[in-house]
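The chain that follows stands alone, in the form predicted on its own, written as structure tokens.
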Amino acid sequence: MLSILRVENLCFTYGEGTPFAQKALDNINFSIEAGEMIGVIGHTGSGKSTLLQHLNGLLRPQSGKVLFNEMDIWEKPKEIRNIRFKIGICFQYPEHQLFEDTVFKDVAFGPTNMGLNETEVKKRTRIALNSVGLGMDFWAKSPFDLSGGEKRRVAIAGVIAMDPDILILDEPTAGLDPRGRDEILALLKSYRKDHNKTIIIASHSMEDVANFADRVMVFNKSKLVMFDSVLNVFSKAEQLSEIGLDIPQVTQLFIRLKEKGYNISKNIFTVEDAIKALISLKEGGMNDA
């Protein structure tokens, strides 16, 4: 099966050739299949955001390649704008970029800039707003009158309205309360399921990553040090700790329970899995993992 997105030997240094040079990406290689949901984790300055900006051409590789459907996205530099419609990116705190006087106009901005006719723009805007759970009651409202979570949904809808094949989000739940965070993640899961889209999310929340990702990238000091399933990544608690990352809190709890002699799995990464495991333990049906 061909990868929808592949990165080969990608390198990038800020301030290259100056005394202040700082390497952000050091020989990064990976491939992603269509329909996957990928989590990207790493401490601040590890290279996550720099990578995301390369994936849709906001930054150009100093060496190496980014391939979309096996084509180098920089093969035709004058057409890089079209790549950005195919690989949409939503930055951290995207609601700061809202500017139109109604929710509908704000979400319609992207597809309008694609040169689509008015009928298609309206169709895409309606679909995008419904995809993020904002029905007609919201469309005529000012985006600035919405709650933080609702603003975040409008911003995400603005990217979805361009119908990208790949949706990239940098810290989409940052600053939200637990309910708002859960709502955003649930909407993204539903969007991926309904439209078979590839979604890449960078997050500092190990719990969020464990909840949504199929596979997880781990960055440390400009290098991709792990890229594996949630189970395989978060089972390496000691290695993650060494690079300044934690495993999900619920996993830490189950490791302690295991150490205290409870007949229970350590490989629990989400609250849903924890509830099932505790019920099974109570019923006496839990086997050692």
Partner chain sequence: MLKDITLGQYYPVKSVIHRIDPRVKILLLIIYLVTIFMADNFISLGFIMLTILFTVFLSKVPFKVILKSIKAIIFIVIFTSLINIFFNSSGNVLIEFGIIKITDSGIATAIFVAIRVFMFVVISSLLTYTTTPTNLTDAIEKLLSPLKVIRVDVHSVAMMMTIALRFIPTLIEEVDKITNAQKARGADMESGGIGKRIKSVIPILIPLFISSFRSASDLAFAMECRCYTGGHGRTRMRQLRMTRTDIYAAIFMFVVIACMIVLNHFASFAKI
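Residue numbers count along the first chain shown, from 1. Quantities reported herein were computed from a predicted structural model and do not represent experimental measurements.
Although it is not shown, the form predicted in complex with its partner chain is what the next lines describe.
**Student:** Heavy atoms within 4.5 Å of its partner chain in the predicted bound form: which stretch among 211-219, 101-109, 124-132, 171-179?
**Tutor:** Stretch with heavy atoms near the partner: 101-109.
**Student:** Quick one: does S46 come within 4.5 Å of its partner chain in the predicted bound form, counting heavy atoms only?
**Tutor:** Because no heavy atom of S46 falls inside 4.5 Å of its partner chain in the predicted bound form, the answer is no.
**Student:** Is L253 one of the residues lying within 4.5 Å of its partner chain in the predicted bound form, judged by heavy atom distances?
**Tutor:** L253: no, not in contact with its partner chain in the predicted bound form.
**Student:** In the predicted bound form, does Y191 have a heavy atom within 4.5 Å of its partner chain?
**Tutor:** Taking the distances in the predicted bound form, the answer for Y191 is no, it never comes within 4.5 Å of its partner chain.
**Student:** Evaluate L187 for contact with its partner chain in the predicted bound form, applying a 4.5 angstroms cut-off between non-hydrogen atoms, and reply yes or no.
**Tutor:** Outside the cut-off, so no.
**Student:** Could you check which residue among L116, M162, L146, I166 gets a heavy atom within 4.5 Å of its partner chain in the predicted bound form?
**Tutor:** Contact check passes for M162.
**Student:** Taking 4.5 Å between heavy atoms as the contact cutoff, choose which of L231, L58, V225, A34 touches its partner chain in the predicted bound form.
**Tutor:** Answer to the contact question: L58.
**Student:** Which of the residues spanning 58-95 lie within 4.5 Å of its partner chain in the predicted bound form, based on heavy atoms?
**Tutor:** Those in contact are L58, R81, R84, F85, I89, F91.
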